[in-house]
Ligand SMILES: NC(=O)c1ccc[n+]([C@@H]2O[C@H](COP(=O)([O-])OP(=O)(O)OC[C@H]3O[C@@H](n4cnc5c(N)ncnc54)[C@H](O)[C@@H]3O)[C@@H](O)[C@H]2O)c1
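A lone chain, given as structure tokens: the form predicted alone.
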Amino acid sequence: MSFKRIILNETSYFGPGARSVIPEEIKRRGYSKVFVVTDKELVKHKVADAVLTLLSGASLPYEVYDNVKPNPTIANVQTGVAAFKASAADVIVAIGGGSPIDTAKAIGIIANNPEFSDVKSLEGVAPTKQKTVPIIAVPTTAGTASEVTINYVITDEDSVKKMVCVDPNDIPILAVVDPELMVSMPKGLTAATGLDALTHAIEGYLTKGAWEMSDMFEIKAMELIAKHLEKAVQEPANMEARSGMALAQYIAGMGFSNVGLGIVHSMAHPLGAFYDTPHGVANALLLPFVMEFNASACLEKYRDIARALGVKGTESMSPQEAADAAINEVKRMAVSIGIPKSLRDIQVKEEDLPKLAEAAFKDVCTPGNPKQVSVQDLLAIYRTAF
């Protein structure tokens, strides 16, 4: 097809204190009861309270579902659907990183498309007929951009796989990107989610489906990440850095949600399924290894990446020199913010590498990679990263 498609969420708010609009938006849209999807850590550390107190203050009734794992499972979704139906709520507010927002998407889709209640049938491009229950997404991490994407990921524990679900009907109606809710992220989470956002930007820029509009988003996201990520890790209360990263991850999501990703994600998903590895950590660790593999397929784009990441003198470099500079800058950033350097460092077992490669090859993100890849190629990259 010669035409392109862009799907974004309906409305977004950005900046410190943006969460204050949530009660007004709920009432303006005519909703009467809120089903809050979050996780136990955000409840325990009172991050969710920053939104819950607003709902209480506006006399909006709500129920909280916090049974969400870091890599949400089919069981998390199914118990969430039952809780949503029992609540009689008419809007979902998802508070958290990608896990609560992804879970909320699955709950909302199944609630309005009950023929997909097994959850497994949502994998890939699901032929749902009805839009999700209205979702207001409130991210507390700067990485996944789930609030602006048509994707979500659920773990099938029986098959030991991560199911990537792609559905235009799942996109939230409202995104509230408030960096004040991200200040409590520990340094390790800030680092991993930040490199996750950079992975989205780089893969979205290199993927086969990339075009002028998505390129615009991804380049800007890289520039913002280069400017703000290290400071956000080193100075957690720096609101300028937090705001920059919150915006960067959203912009990256605007691009990759519409053009796809590549084998960094294909290879990260099995790590989450096999070892419960946090998605951001898996992406961050694998990114430079995959960049080295893909470089020969799109050398000139690597010059753009190097420039966006702040590398000086790119115009005088050869294509290979510019590619090497881009990869080295990603490696430098990863080291500077404490990302694990090898799969061994995150307790991956060497004997599992062939199974991981097989799973990665079958992943929905693999066809979007700029360079054709085989199971043996993926195994070789895993071995290098090991």
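Everything numeric in this text was worked out from a predicted model, so none of it was measured. When you see a residue number, it is the position in the sequence shown, counting from 1.
One more form of this protein, predicted together with the ligand, exists but is not displayed; see below.
The candidate site formed by Asp39, Ser146 and Phe256 is fully in contact with the ligand in the predicted bound form, as each residue has a non-hydrogen atom within 4.5 angstroms of it. Remark: Thr140 counts among the residues lining the ligand in the predicted bound form, judged by a heavy atom distance of 4.5 Å or less.
When contacts are judged by a 4.5 Å heavy atom cut-off, Glu218 does not count as touching the ligand in the predicted bound form.
The ligand in the predicted bound form is not approached by Ser266, whose heavy atoms all lie more than 4.5 angstroms from it. The shortest heavy atom separation between Pro100 and the ligand in the predicted bound form is within 4.5 Å. Listed residues Val348, Val34, Val47, Leu356 were compared with the ligand in the predicted bound form; Val47 is the one with a heavy atom within 4.5 Å. Here is the short version: of Leu174, Val77, Leu181, Ala308, the single residue with a heavy atom within 4.5 Å of the ligand in the predicted bound form is Leu181. With the partner omitted here, the stretch from 112-120, 77-85, 293-301, 91-99 that lies within 4.5 Å of the ligand by heavy atoms in the predicted bound form is 91-99. In the predicted bound form, Ser146, Thr149, Asn151, Tyr152, Val153, Lys162, Leu181 are the residues of 145-181 with at least one heavy atom within 4.5 Å of the ligand, listed from first to last.
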